[in-house]
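So this first bit is one chain, no partners, the form predicted on its own, shown in structure tokens.
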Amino acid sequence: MNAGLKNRGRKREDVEDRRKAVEQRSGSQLKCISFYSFDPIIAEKNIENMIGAVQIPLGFVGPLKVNGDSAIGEFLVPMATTEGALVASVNRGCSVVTEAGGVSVVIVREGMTRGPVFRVEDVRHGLEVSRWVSDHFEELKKVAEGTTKHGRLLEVKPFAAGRNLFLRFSYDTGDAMGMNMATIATEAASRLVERETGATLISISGNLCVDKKPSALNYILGRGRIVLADVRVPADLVKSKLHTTPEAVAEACYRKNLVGSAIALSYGFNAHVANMLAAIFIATGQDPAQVVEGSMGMTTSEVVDGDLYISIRLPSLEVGTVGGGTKLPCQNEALSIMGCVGAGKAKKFAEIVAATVLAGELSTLAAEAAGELASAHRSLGR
């Protein structure tokens, strides 16, 4: 038996041993958790103390017509969820926007960020360090990019408060979501800042990234990708398929998404963007915690020449088609449904995700405008 087979055998035995230990300590029988289709060695960089796998129901929506720069055509989109009515609602939205001609999608900005915090001597020293960073950007870029084959340093923005200096590094990370890539590159660049300026690196993440937390900074400047999408739905289609009117949907959107969210001081001006993102993220091996940032979308709607115009702005869509959980077999297959496996597919994937989110927003707003939301959840098990 070769070394690779022996290693795989040991990995599976380790999983079984840990699971038996958990069963013994907890008194539980983990029969379902013990069944999974992939070799544990594949997941060794995704999980520690593995004892099995949890299965989540997987459905799909579509065909969904997308008119993007990278995603062009009709797609089936996988969604993993335990929330009844979600897939049915999004699928209804997909049907409507596809019949209306498809969702237009554009990516207007890209950049994965990491924001280390330094201790400086005083505010003047902080200003001097900030100026050094600006004057020596090319040196920082060379050091940062020396840690990766794919990442490119785009900019470094300083933010100062007293003896605290934050440097927000932003990267083009290619087809990877890129958080680990940005962390490693930023640490290398930060050590150069330390050596040359006398500033002391306190933490490679100073919470100005801002990673996995809602924030005005990400809402305004973006993180990952800023994506815009819109569609114009003819009035007769709104009436026949959504059982309401363009005016009613636009009013529901205004009073709910804009006024209601403003009163709540919410960072998300939308109906339920997180629902679509979470289901797609789980299905395709994305980092589900980054739904926090992704949920900060804005949905707007108005009546244009009698038709319904609806749009979304996703300021922090963080997705990838390589690395992370995308290499796990089930998640890789889910990406393959959309033709989004591997290098060169991340922009396409981001555009499909945004189009799906818009379809979900449209369907839910229409259901609320028509007074059908509660009955839909009752009939579909929620």
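In this text, residue numbers run from 1 along the sequence as written. As the structure is a computational prediction, the values presented were derived from the model and not from experiment.
Just so it is clear, the following notes concern the form predicted in complex with a further copy of the same chain, a form of the same protein that is not shown.
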Since only the chain is shown here, I'm wondering whether P329 would be in contact with a further copy of the same chain in the predicted bound form (any heavy atom pair within 4.5 Å). yes
Heavy atoms within 4.5 Å of a further copy of the same chain in the predicted bound form: does A229 have any? yes
Is the gap between L237 and a further copy of the same chain in the predicted bound form 4.5 Å or less for some heavy atom pair? no
Going by a heavy atom distance of 4.5 Å, is A53 a contact of a further copy of the same chain in the predicted bound form? yes
Ok, E139, E145, D287, D307: which has a heavy atom sitting within 4.5 Å of a further copy of the same chain in the predicted bound form? D287
Triple contact flag A176, S316 and A343 to a further copy of the same chain in the predicted bound form, non-hydrogen atom at 4.5 angstroms: no
Contacts from 265-297 to a further copy of the same chain in the predicted bound form (any heavy atom within 4.5 Å), listed N to C, are L265, S266, Y267, G268, F269, N270, A271, A274, N275, A278, I282, A283, G285, Q286, D287, P288, A289, V291, V292, S295, M296
